[in-house]
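What follows is a single chain, given as structure tokens, in the form predicted on its own.
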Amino acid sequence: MPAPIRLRELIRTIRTARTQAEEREMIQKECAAIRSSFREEDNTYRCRNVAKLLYMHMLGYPAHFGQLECLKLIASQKFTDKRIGYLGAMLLLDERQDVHLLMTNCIKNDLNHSTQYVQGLALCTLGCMGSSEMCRDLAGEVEKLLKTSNSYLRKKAALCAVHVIRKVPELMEMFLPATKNLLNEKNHGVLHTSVVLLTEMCERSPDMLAHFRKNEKLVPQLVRILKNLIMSGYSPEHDVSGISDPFLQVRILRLLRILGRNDDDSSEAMNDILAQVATNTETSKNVGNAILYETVLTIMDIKSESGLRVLAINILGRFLLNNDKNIRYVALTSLLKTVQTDHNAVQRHRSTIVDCLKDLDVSIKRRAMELSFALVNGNNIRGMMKELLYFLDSCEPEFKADCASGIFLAAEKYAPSKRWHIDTIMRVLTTAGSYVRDDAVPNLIQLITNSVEMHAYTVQRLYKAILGDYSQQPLVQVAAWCIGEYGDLLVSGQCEEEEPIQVTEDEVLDILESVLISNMSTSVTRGYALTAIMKLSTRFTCTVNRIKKVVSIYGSSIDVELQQRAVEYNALFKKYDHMRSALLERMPVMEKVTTNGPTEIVQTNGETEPAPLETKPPPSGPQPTSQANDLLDLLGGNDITPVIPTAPTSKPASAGGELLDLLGDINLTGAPAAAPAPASVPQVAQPPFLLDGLSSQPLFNDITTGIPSITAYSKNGLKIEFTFERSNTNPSVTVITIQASNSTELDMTDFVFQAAVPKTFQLQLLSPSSSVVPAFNTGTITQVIKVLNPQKQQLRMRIKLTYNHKGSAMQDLAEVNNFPPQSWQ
């Protein structure tokens, strides 16, 4: 068989290939020749064939069929064969393949070889791909070589020991005696690998870390080595850009960081040398900057002196002026980590950080933006917001959402005045309204509502902001809401903060109608605009007929949400005109409540989404309709109908009908649920419109009394009594009056009573007389429940009580099944 081509010729041939297919053809042809040679056990050219196979492997072609040939080369006595064999083993084998276990004996023999280069090959291979089984078997040989006087072998043994510790951490103590004299070596290669080994041991074992701190006195040794490196003169063997062995310096600084973390004595011992490194290292070359960066990280991570921390932050400040983008990015990231602990020192570099907002690199921009927000405080809020608003105006779209959110949070926390706060948020909405978070609109509405003296100024500013431009939908939504609330102030021209503008009622309605028909308006924005027009029917006097016409037009809108609003508002004009002014009166001041979860706005006499009962005490006063969702906690079985509370200023009773579908077929008593009524026979007639549930007339006037009362609940000093009344003309309705009394020595505050009944009933819970149950039975809370029982079934109820008593939030559930027969038969 002819001799195979040499590796150099193979490389030259492959490089002449003009296409990928031509290269694949060459590789396949050569692989076939190599396989034939392997099958014939050709020992003469095995080394050459494996070398070519490794080159093909580097090009991405399969070479697994050469694994056993690598083992044969390792077993050879020739150094050239061993060298290629071990290289092939490191490239083609790993611990997932059982073949590698066959190498264990060869490596053990080579670790004891008389030639240091063969021992070095074995150490490199074991440190590269040795499995946990191989490491256990060969750890003893590695430990012996770690104690040898040969520097060439000691540095390789140290790196191999690192791999052994990573694979089998319990073998760590085996190498502890050998580490005692490693740092006394003058060879920099041994020093470097020794520091890597010590770092690995300290990171993996707290016991080792404590041992090296106390017993071995490792910190003074490292300080001595580092000082020698700094003070030593020029050494051509270790010099890199005028700095002596920067790689060793960086490794020592990292180990010092681990040793000094949360340890006062170790930190004290290394303060001086860190200061020397920080002041004596040349910064004109990247090598010096790398050492300074590691020094800064070490200073910030240990318990260093305040002056040393300021020095570290000043180094990072100098990094910000560097032309290298990577160094600027590293400096911004490091300052962002330290700004909370060393805020004043970082503040000194505020102008440089703000300048980084203008950088062309997006990564630097993002880090500079995050750091700028971290630097905002009450003293610099105006200047920083000016810069950040300028950045918001000119930055890329991917930054606008985060920047807008940061400005909102900073303005809410540090705003010097309400007018400044409102102006800032309006500027954000004008600049990046499409990118703000969903909660920006309700938060700004809450802010405007609470700034009573700013209403005229705000509505005028918002009116001018949306003239002819509806592109920023959140801004248009806030403007529509404010115009609906304070349109009378806009028309009257009462603004004192700036020159008032003259606006007529028709001009205001023109703007809102333009919002309704604009192609840029979303469904939510149109809802805001229609509601604003409806509110203006009580603020304006000359345009009520025009408002009626607009509302009636949208009663046939294809947008279901808009259609429902229009139909309800139209019904308000026609059937409940006497209630319109009360229903559309100006919103009261909103109370902002912070819970354990997200911030929510609680409206004192309007509707709001309920918060979980576990996160805050129940609010006093009338409970909004949507808090019927809290009755989900009351459900013990199936077939429950939720309570539908009714209050003069809350959502109408029938609106809670949507919750009937939410709770499905649940039975309170756990008994089998009754079969649902056919769709053609509704159990309870529902009013056609939401507003039909609002009636100024009582449900019935003729009352039958004489039904005995019951005690529904009595525990912890709280007593709940039920008294009953029935209607003569409508016997399906039962009126239950609850009376809550408190026999303890302290008042019960924030009292809330809730109830749930089976699905065959319908229940209305009216407003309570108070939210405080007086102590010593000196008074009671009364509340009326109306129950519709068309099928005359036995009445069952589950109640839920929440209140605050003696500084604690109380909550309890109870079932009431002892209703007198006269109350339901």
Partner chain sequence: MQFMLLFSRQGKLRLQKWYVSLSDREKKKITREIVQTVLARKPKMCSFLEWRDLKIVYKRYATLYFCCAIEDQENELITLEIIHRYVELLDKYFGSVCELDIIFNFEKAYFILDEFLLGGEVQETSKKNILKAIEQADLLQEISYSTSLLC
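Keep in mind it's a predicted model, so treat the numbers as computed, not measured. Rigid core here is just the name for the largest C-alpha set that superposes within 1.5 Å across the two forms. Numbering follows the first chain given and starts at 1.
What follows is about the form predicted together with the partner chain, which we do not show.
- Though the partner chain is absent from this view, in the predicted bound form it lies within 4.5 Å of a heavy atom of just one residue from 286, 379, 279, 262, which is 286.
- The contact residue chosen from 414, 713, 247, 470 relative to the partner chain in the predicted bound form is 247, the criterion being a non-hydrogen atom within 4.5 angstroms.
- With the partner chain left out of view, the stretch that reaches within 4.5 Å of it through heavy atoms in the predicted bound form is, among 750 to 758, 482 to 490, 82 to 90, 512 to 520, 82 to 90.
- Residue contact check for residue 391: none of its heavy atoms lie within 4.5 Å of the partner chain in the predicted bound form.
- Although the partner is absent here, residue 325 lies within 4.5 Å of the partner chain in the predicted bound form, judged by heavy atoms.
- Using a 4.5 angstroms limit between non-hydrogen atoms, residue 18 is distant from the partner chain in the predicted bound form.
- Though the partner is left out of this view, residue 98 does not reach within 4.5 Å of the partner chain in the predicted bound form, counting heavy atoms only.
- Three-residue candidate spot 169, 207 and 316; no residue lies within 4.5 angstroms of the partner chain in the predicted bound form by any non-hydrogen atom.
- Residues 152, 155, 156, 159, 160 of 133 to 165 are found to place at least one heavy atom within 4.5 Å of the partner chain in the predicted bound form.
- After superposition on the rigid core, the Cα of residue 399 moves by 2 Å or more between this form and the one not shown.
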